[in-house]
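Only one chain is included here, represented as structure tokens and corresponding to the form predicted alone.
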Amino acid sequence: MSEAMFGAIEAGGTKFVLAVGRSPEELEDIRRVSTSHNPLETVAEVVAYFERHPEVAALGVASFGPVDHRTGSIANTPKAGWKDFPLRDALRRALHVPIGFETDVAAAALAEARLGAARGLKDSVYMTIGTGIGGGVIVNGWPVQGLVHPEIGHLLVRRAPEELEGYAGNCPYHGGCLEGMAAGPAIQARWGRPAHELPEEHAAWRIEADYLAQMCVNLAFTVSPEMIVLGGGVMAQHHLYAMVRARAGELMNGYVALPRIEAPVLQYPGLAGALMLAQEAGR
């Protein structure tokens, strides 16, 4: 008998990425669907895709957030039309299969912990640094959930020594939190150019490295992971890794050991993690 087939959804504010597979290492029929301002339109396209795969035994959803794990809903999101939308239940009613539900970054963290950069470690953190900043915390091999899921992107940080005078951050909730100071839009707001257009020697990267180093040191103090994996579009500037490691070492000042700070390994960590969620849901 062949292994069961599972479905995976990485639900983002811009697009939903869909796949099926018998294992997270063998994703098939990867498709993209635009995220409409009308959730029902997007869900209809997702359902149509999985109706073409009736062999799917369970589904895993790795969703943009914040999310409410209890209700399977997307919670206080700025994405128009999606606030409080019950994504898990909408899919369950249409497809009649078990559904695992997590944040996109927690699913990516799970995949990198089991198959990627942090493979073989019990405790790790995955961060995505891009249009926003988010993170998933893995403890004893599984994503952490508490009152809510970890919202590492909204850590409160102190101003970098070289921060531009007058720049106060662009987070609509907290102004100068980590996301407000270090996500891609913050870089563009300061310099009038996106991150990928700035040369390696640009002052932007010393400022960026300071905020990301603060994040890593705070994670070392609070979670004590063995590894912090830094992914996302901003980290495509590969020179940042050495800068973050060096600045984190300065900030730690020899107090305790720093976790390893590494790049992700997997091509589709969110999708791979979603398929793992489906496997758990289908047991």
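The first residue of the shown sequence is 1; numbering continues from there. Because the structure is a prediction, the values reported are computed rather than measured.
From this point on, the text means the form predicted in complex with ligand ADP, which you will not see here.
- Contact between residue 132 and ligand ADP in the model of the complex is found at the 4.5 Å heavy atom cutoff.
- Ligand ADP is not shown here, but in the model of the complex it comes within 4.5 Å of a heavy atom of residue 234.
- For the chain shown alone, residue 128 is a contact residue for ligand ADP in the model of the complex, at least one non-hydrogen atom being within 4.5 angstroms.
- Contact annotation: residue 79 falls outside 4.5 Å of ligand ADP in the model of the complex, judged by heavy atom distances.
- Between ligand ADP and the residues 207, 178, 87, 195, the one pair within 4.5 Å by heavy atoms in the model of the complex involves 195.
- In plain terms, the part of the chain that comes close to ligand ADP in the model of the complex, with a heavy atom within 4.5 Å, is 179 to 187 out of 71 to 79, 145 to 153, 179 to 187, 110 to 118.
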